[in-house]
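The chain below stands alone and is given as structure tokens, in the form predicted alone.
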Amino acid sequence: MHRGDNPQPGGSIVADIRREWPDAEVVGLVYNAYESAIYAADGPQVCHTMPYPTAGLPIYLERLAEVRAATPFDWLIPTLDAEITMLAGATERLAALGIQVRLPSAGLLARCGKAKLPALAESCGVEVPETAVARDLSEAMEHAGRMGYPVFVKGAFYDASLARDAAAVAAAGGAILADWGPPLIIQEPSVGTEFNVMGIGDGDGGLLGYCAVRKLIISDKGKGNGSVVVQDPRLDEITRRVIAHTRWPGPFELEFVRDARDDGYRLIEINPRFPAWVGFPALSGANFSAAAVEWMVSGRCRELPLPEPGTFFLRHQIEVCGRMDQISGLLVQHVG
């Protein structure tokens, strides 16, 4: 639900649901009381704090049961990679709590993770940068030295840093291991223009809708603070090939770099969720969040129009206001 620096998708998803169904009952799940979308006018009616996924599935499910008992809800939409990975194998346990989800299988998530991306790309004929998996810092520095600097140092779920020497690999890798644990991903950087494709797969190899953008402004964390809609037949064809090969079910984001050396697209990551910019196409009539809710509930959804090429967004800061009793109420909630 964070919508400030390095925003998360939840706030935009809630706002898009509100745009389609103003009276929808939406319960927000947050990790701390200072996630800004809690206090937005188009935010959820009520929020509850959750333990971090690192606390483990039993504690997470116990807290979900407490939340549902206090504020009933029917469907859960996880919006962060670590949540999705943890819950993908727990759909029956969630159903026993009265909570419905539609997620990729644990096996598909493993096949599409950063560590397995080269093998997946080869199987569906897509190019990726050279990538290696390291269990510890020593192995990470060995891979980086072999590839040659600079390299990207990534976590399995979050964080990516460009390291220009061994000391930078050690610093970035150490921070990732402390926060998220192994493995570390060492990846050759592709020099070129960054593109993202967001969409919804139907689970049978088809697309219910998609939107491709070229990044205009990139933050110091590598996030797109401004992007413009594009239509490139090559990018469309690669996206369709990946989704057809994986038979992807539900929301996704593909990250690409168009390499300046040969003008070819390199697949960098597959994210099993909507990105933070999911609300942008809804402003021009392509409400991906609402369509995903329809697909989850009924297995069908509206036809999503292709956003018009040349339409762009710029991320900007606004202030939201709340009351101290709202924050204090969240701070004292039991989180396991």
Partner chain sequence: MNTQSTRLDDLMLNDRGFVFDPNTGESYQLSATGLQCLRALQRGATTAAVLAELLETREVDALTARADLDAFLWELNQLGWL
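In this text, all values refer to a predicted model and were calculated from it rather than measured experimentally. Residue numbers count along the first chain shown, from 1.
Keep in mind the form predicted together with its partner chain is missing from the figure; the text below concerns it.
Visitor: In the predicted bound form, does F195 have a heavy atom within 4.5 Å of its partner chain?
Guide: F195: yes, in contact with its partner chain in the predicted bound form.
Visitor: Is S123 a contact residue for its partner chain in the predicted bound form, using a 4.5 Å heavy atom cut-off?
Guide: The answer is no: S123 has no heavy atom within 4.5 Å of its partner chain.
Visitor: Would E253 count as touching its partner chain in the predicted bound form under a 4.5 Å heavy atom rule?
Guide: No, E253 sits far enough from its partner chain in the predicted bound form that none of its heavy atoms falls within 4.5 Å.
Visitor: Y265: heavy atom within 4.5 Å of its partner chain in the predicted bound form?
Guide: The answer is yes: Y265 has a heavy atom within 4.5 Å of its partner chain.
Visitor: Please name which of the stretches 196-204, 227-235, 108-116, 245-253 has residues with heavy atoms lying within 4.5 Å of its partner chain in the predicted bound form.
Guide: Only one stretch passes the 4.5 Å heavy-atom test: 227-235.
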